[in-house]
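Below sits a lone chain in structure tokens, taken as the form predicted alone.
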Amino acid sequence: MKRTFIALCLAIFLGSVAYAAESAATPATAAPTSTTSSSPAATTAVMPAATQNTPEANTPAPDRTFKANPMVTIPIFLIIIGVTMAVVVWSAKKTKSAADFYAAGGGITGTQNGWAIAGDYMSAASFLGISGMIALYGYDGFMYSVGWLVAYITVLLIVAEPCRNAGKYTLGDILSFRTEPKPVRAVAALSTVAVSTFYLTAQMVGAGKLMQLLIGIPYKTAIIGVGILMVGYVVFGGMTATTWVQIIKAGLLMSGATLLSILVAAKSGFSPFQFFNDIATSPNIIEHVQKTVLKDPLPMPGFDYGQRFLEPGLFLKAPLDQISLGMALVLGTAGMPHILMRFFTVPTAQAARKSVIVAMFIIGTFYILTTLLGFGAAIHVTPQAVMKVDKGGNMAAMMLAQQMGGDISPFIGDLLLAFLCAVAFATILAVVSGLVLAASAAIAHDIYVNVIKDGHADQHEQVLAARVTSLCVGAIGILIGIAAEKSNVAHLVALAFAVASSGNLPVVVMSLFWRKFNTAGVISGLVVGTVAAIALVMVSPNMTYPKKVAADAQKVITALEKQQADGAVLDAKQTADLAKAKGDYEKNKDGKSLMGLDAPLFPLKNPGIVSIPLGFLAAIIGCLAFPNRRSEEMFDEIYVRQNTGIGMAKAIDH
């Protein structure tokens, strides 16, 4: 099997190199100048660093193009892959039992696990999506960073040590300890798969766009190739390989983000006051907020659009949206299956606590740097240039890397871009490995081994089931990644946290700390919380509503046609905006959303403020409606176990 995996990887690499060499030999075509296209431009196309008619004072050099140099990118890419392949081959020799595959045999130290948690947590959404969201929406993008950082206080104080002591491999192990195991494991597995699907989708989108940038291959081909490669890591290396890939990637990502942040800070003389003044006075940011975000065809007299970029409400329009997002991020981390699995890899409860503290320090530093990258991209790359490459903003950090390095020399720009692309690819590789492992553990360990086989499966059969399900989960991730090409990855991850906070967290907390909690409480909490979060998302402003698009287009048409009627002559940009608006109106005026709606039924972009209380309430009502004496009697046992770790070693041994 190892030979097959290595041969498959080599085939992908050689094909990539050949394609890159062919692309390098072919002159790049210029990016389309039309403003009517709604799909992201190919990231390898030669592209002006700013859109037409932006103020000249803040426009980057016109000869600067956004294009990865294959002669620089491919060697760095191959080095990263080569190192991770070596880790997988080494890990495959150590992965012999289910405990090895799911929990690395419990042999990871606290410091190592802290770096691995950070590597698992600092995902493509963090590096690509958050920096892009800050570059396009300012303060609202920054809220994502704050929410995810504060979340680890919840993990440290509530779930890290108890979950390590009470669990085995999965969320289902924790929940089924004093409940009816089969129904609880089945429902817990479904919830785990739902959460992992949202999160996995975000990583696959980032992977596809990065491979477009790295090698120049089409998005679909990139998703398929990357998906095959990343699933191979999980299938052959298990948790040991996943852990070390996450550690390596965390170190590389911190190094790259630190270097780029220093370059950004240097542009403002390392002065925070000058940095924020540059943001508020940037003509490109002012134009972006006015025309793209607030959709004002003409400037409103006396309105400070630059200052507005530093205030909340550009992306999350209502205060309740901010609160709902914060609740989902702060509480959702404690319910993320791939984060909970990490606590089963350490030998002691003390190591579990230490790993959270180490992770908090690394993650906190990283999110401060991400904020600098997002605002830095808005100043130096411009939101217009970011959106021209990718409307979701996911390439902002990469464009900033080339811009900052290119100011030193073109080669440094290519080198820094190539390095960060390779690091971001390793980031996606590490996070997807953890997600695929969590989803496959839920299906193989909870459903196949404990529900279908009733716990009677030998080690070989358990590992085989885990590898087969990993392959299936990866295949589904590839399909979803292809379908979600145009989504902002940070936003998708926030939805995953909403599901985790609404379904998983309530039942985990009450299972560990409430004596009366039982099977009915687990099932009702998981089902209601998960379904409520997903259902609210499907009828929220997150979905595309064609009639809303048509109404926004009509607003532009009315303003510009009124300007014409008053005798003004439209310039080239306004003429193009008018033509685009008319096209958008005709295309969307009679359309409906995916759910057949004309407008959102639920007004908030994040459902946490409603779905989290629903999850807790459903769990409490279900528990009180169907009391169970056995669950109450077993509470003392799990209480002692979660505080002392007694029985942990026995739990690992099947």
Partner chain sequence: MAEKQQDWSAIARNPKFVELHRKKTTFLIGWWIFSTVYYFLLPIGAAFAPGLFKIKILGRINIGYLFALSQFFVSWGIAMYYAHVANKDFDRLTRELVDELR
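Positions refer to the first chain, counted from 1. Here the structure is a predicted model, which means the values were calculated and not measured. Just so we're on the same page, rigid core means the largest C-alpha set that superposes within 1.5 Å between forms.
Omitted from view is the form predicted in complex with the partner chain, to which the following refers.
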With the partner left out of view, is Pro183 within 4.5 angstroms of the partner chain in the predicted bound form by any non-hydrogen atom?
no
Does at least one non-hydrogen atom of Glu632 fall within 4.5 angstroms of the partner chain in the predicted bound form?
no
Whether Phe270 contacts the partner chain in the predicted bound form should be assessed with a 4.5 Å heavy atom distance threshold; does it?
no
Is Pro319 close enough to the partner chain in the predicted bound form to count, meaning some heavy atom within 4.5 Å?
yes
Tell me, which of Glu161, Asp100, Asp577, Asp584 has a heavy atom within 4.5 angstroms of the partner chain in the predicted bound form?
Glu161
Just one of Pro297, Gly364, Gly107, Pro410 has a heavy atom within 4.5 Å of the partner chain in the predicted bound form. Which one?
Gly364
From the candidate stretches 303 to 311, 414 to 422, 259 to 267, 193 to 201, select the single one in contact with the partner chain in the predicted bound form, where contact means a heavy atom within 4.5 Å.
303 to 311
Each of Ser126, Met133 and Val293 near the partner chain in the predicted bound form, meaning some heavy atom within 4.5 Å?
no
For the heavy atom contacts within 4.5 Å of the partner chain in the predicted bound form, list the residues of 621 to 640 involved, in sequence order.
Asp636, Glu637, Tyr639, Val640
Is there a C-alpha shift of 2 Å or more at Phe344 between this form and the one not shown once the rigid core is superposed?
no
Once the core is superposed between this form and the one not shown, does Phe142 show a C-alpha displacement of at least 2 Å?
yes
Trp514: after superposing the rigid core, is there a C-alpha shift of 2 Å or more between this form and the one not shown?
no
